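Next up is one chain by itself, shown in C-alpha cells, the form predicted alone.
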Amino acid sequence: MPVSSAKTLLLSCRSFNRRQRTLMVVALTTVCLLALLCGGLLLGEEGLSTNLTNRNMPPSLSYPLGTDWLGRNMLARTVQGLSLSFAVGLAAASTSAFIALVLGLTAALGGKRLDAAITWLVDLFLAVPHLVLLILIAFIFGGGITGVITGVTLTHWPALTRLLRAEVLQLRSAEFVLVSRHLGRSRWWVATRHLLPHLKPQLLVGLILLFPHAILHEAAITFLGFGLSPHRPAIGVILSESMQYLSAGSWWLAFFPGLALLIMVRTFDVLGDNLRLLLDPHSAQE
C-alpha cells in the first residue's frame, strides 16, 4: 500500500500543468517565507546569547541544530541569518532590476549613440569577473550592509538590461506604438503607457531570478571577509567561523546553515524558472 500510494501521488503531481505547478511553488515559497519571518520574530535576540556551559553541543531535542563554540543556539542563528540574507538580497535585487529597467528603456528609445554607450557598458560589466568586481565595489563602499547591497546592485543589472532592451526593440515597431508616435506622443508617454506594461512580466521574472544570485553572492563575499560585519548572524559569517571547528568534528556548524541557504536559493530559482516558462505561450500548458 505505501508503494502504491507513493506512485499515485507521483503520477498526480506529474498530471499538473505548468500553471498548477507554479501556483504550488508560489504557495510553498510563501509558507517558507512566513515561517522564516515569524521564526525570526519569535526567537528574537535571546537565542543569540552566549552560554559557555552548552558550547559545541551536537543536534538534540533541546537544540535541533546544535550549539556553537560560544553555546549559541544554531537554530536561532540560522533563522536570523536567513532573514538577514533575505532582506539584503531583496533590496539588492530590487534596486538592480530598477537600474536594468531604466537602462533598457533608455538604450532602446534614446537614440543610436546612447544605445551604443549603454551596450558598451553592459559588455564591459559582463566581461569583468563577477565576484572580483563585486568584492572591489563592496570594499570601496566600506563593506557592511551598505557595501554589500551596493556591490550586488551594481553587478547584477547587465544581463537583465540586455533582455529588456531586446524586448523594447521588438515592441517599439508594434503598430500601437507607431500610431502613438504619429499622434505626437512623447517617448516618455509611449514608454510608460505602452512599453512598461508589456515589460512587467519579464521584469518580475528577472527580479525573482536575480534574488537567489544576490543571496549567494552576499554570502560568498561575507564568507571571504569583505561583506557583512562578523558581529551579525549572517550565513556567510556562520560558515566562515565554522571552518576552524570542522576538523574537531563539529559538522553541524556548517551543514545546517549551508543546507538552509541552499534550500532558499533553490526555491526561488525553481519559482523563477516556472514563472518564465508560464509566461511562454509555447510551454504554459505543459
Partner chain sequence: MSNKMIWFCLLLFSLAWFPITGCGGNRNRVEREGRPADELVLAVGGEPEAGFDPTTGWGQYGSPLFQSRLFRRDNNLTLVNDLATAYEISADGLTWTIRLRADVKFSDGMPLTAEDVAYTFATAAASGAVIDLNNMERVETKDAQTVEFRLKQPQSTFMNLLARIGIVPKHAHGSGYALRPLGSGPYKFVQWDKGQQLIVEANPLYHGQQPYFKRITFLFMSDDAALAAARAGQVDLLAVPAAFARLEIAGMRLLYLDSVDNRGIMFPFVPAGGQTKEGHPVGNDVTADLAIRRAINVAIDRQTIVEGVLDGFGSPAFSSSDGLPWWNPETVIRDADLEQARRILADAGWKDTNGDGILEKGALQARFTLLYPAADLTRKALALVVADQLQPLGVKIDVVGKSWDAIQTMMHSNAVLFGWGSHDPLEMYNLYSSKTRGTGWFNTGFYINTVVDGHMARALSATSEEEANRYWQKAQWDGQTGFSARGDAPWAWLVNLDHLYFVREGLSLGQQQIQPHGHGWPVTANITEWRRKE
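Numbering follows the first chain given and starts at 1. Here the structure is a predicted model, which is why all the values come from computation and not from measurement.
Missing here is the form predicted in complex with the partner chain; even so, the following discussion is about that form.
Colleague: At 4.5 Å between heavy atoms, is Met24 in contact with the partner chain in the model of the complex?
Modeller: Output for Met24 is no: heavy atoms all beyond 4.5 Å of the partner chain.
Colleague: With the partner left out of view, is Thr50 within 4.5 angstroms of the partner chain in the model of the complex by any non-hydrogen atom?
Modeller: Taking the distances in the model of the complex, the answer for Thr50 is yes, it comes within 4.5 Å of the partner chain.
Colleague: Would you check, heavy atoms only and a 4.5 Å threshold, whether Ala76 touches the partner chain in the model of the complex?
Modeller: Contact with the partner chain, no.
Colleague: Even though the partner chain is not shown here, does Pro58 get within 4.5 Å of it in the model of the complex, heavy atoms only?
Modeller: Heavy-atom contact with the partner chain at 4.5 Å: absent for Pro58.
Colleague: Which residues in 247-263 have a heavy atom within 4.5 Å of the partner chain in the model of the complex?
Modeller: Residues within 4.5 Å: Ser247, Ala248, Trp251, Ala254, Phe255, Gly258, Leu259, Leu261, Leu262.
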